[in-house]
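Single chain ahead, by itself, as structure tokens, in the form predicted alone.
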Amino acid sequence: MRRSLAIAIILTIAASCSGQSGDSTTTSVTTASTTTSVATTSTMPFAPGAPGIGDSYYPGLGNGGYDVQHYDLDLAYSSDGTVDADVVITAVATQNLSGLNLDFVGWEVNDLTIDGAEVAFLRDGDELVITHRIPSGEHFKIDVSYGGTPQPMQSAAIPIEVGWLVGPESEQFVVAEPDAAHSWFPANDHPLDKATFSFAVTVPTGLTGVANGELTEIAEDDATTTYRWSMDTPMAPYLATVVIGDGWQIVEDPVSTEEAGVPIRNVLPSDLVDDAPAALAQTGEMINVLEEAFGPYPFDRYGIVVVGGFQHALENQTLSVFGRAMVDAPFFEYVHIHEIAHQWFGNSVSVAQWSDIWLNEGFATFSELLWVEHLHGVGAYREEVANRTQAARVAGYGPPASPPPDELFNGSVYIRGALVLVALRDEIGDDVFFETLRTYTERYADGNATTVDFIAVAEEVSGRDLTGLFEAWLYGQELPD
């Protein structure tokens, strides 16, 4: 995610986990999102799944006792701004469940079934509490029918509203990092429980409905058009998005597609279709630069969608959402490559704990430095490193490995986070450094990682004890010389 930027500094503005008791044996069940240990003994007592997945910063996010494999979202948007919705959640129990929670706030729940049978449920703050017995290892489907007028929510991590937003041209769009997926669909709302997604977005004919992944079908009737999208690679719930607009066009980019070897399509308002910023045409080149550094691009396609009324940018999986102000800014190319880099760092390799957000933002900010080096050479790279180091000193940024929970996206996780990688590159040399990055993205692809995991990879690949370097750059209060 990117917030406000300045060109020289570009200051900017994460498996079910549940306690299990009793004697039991376990086996591994491979789902669409992860390999999860589930109990295999009938002697294990039935108990509710935990109401949190175990995040140290946001303990109410996520839930225990089950692992989601797939979300099938069906959204019917009306011109009066209301939405009739239905989600079918396919999951597997990781313990003997007497009940489970979904994260969900707002809306009116019209009906809720598990495997076709109505079940008891209640609302408790941001939790949808369901009573139902499900044996460990059993696959099940939760079907929730709900509706209302979408409302954004105040994030606990950042001082802006997130979730389902409305732009100045009445465009509807979702930006949900880090904690607002459950403001528009029932979810296990934490990056630890990634799943595949399918979307059916029904809109009045004349509007365009967009979501993550591949457009698989457009179906029209007398008054509405349904756009069907499929995200077949596991995705953290906060990265799911829907964009609905009048005059927005899905525009293929054959030049970038050929250059990157990945289909590139953008969703643009009509005035940008023939007048897009020059940096947008560099998408293929940017992906090539990042593939050389990080390894193969992790998804089947990429593109951006441009909306009004949003001052930032967010790296929704395969479809980054950009505020129009960002696209019109002279530093757009740096924000653009930043969000592309997130497809590796944040989307494919997701944080296991939100406290490790520097693994997303520091790596994406480092990609901006790589772009400077690609365009202008090593000297320009070094100059930009010096500029950002000085900016971090003046700002007095604290350690990037421990951002405040209520200011998760502070400047340190971006600027100091990137400088951690600069220091590591200088310490172990280019060959070992980039092998470290490629090993890390390959090992944790479609999964989750922690700071400890990254340090372990760096020490494994380099064959060195790097404790001193990481202690100073990640955890030290003062920025090292």
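This is a predicted model, so every value here is computed, not measured. Note that residue numbering follows the sequence shown and begins at 1.
FYI, the form predicted in complex with tryptophan (TRP) isn't displayed, but the following is about it.
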Answer option from D103, D193, E339, D356, heavy atom within 4.5 Å of tryptophan (TRP) in the predicted bound form: E339
Residue among L207, I134, L314, V201 with a heavy atom within 4.5 Å of tryptophan (TRP) in the predicted bound form: L314
In the predicted bound form, which of 89-97, 117-125, 297-305, 406-414 comes within 4.5 Å of tryptophan (TRP) (heavy atoms)? 406-414
Taking tryptophan (TRP) as it sits in the predicted bound form, is A181 in contact with it (heavy atom to heavy atom, 4.5 Å or less)? no
Please run the contact check for I158 against tryptophan (TRP) in the predicted bound form: heavy atoms, 4.5 angstroms, yes or no? yes
Decide whether L369 counts as a contact residue for tryptophan (TRP) in the predicted bound form under a heavy atom distance cut-off of 4.5 Å. no
In the predicted bound form, does D189 come within 4.5 Å of tryptophan (TRP), counting heavy atoms only? no
Even though the chain is shown alone, can you say which residues of 354-373 have a heavy atom within 4.5 Å of tryptophan (TRP) in the predicted bound form? E361
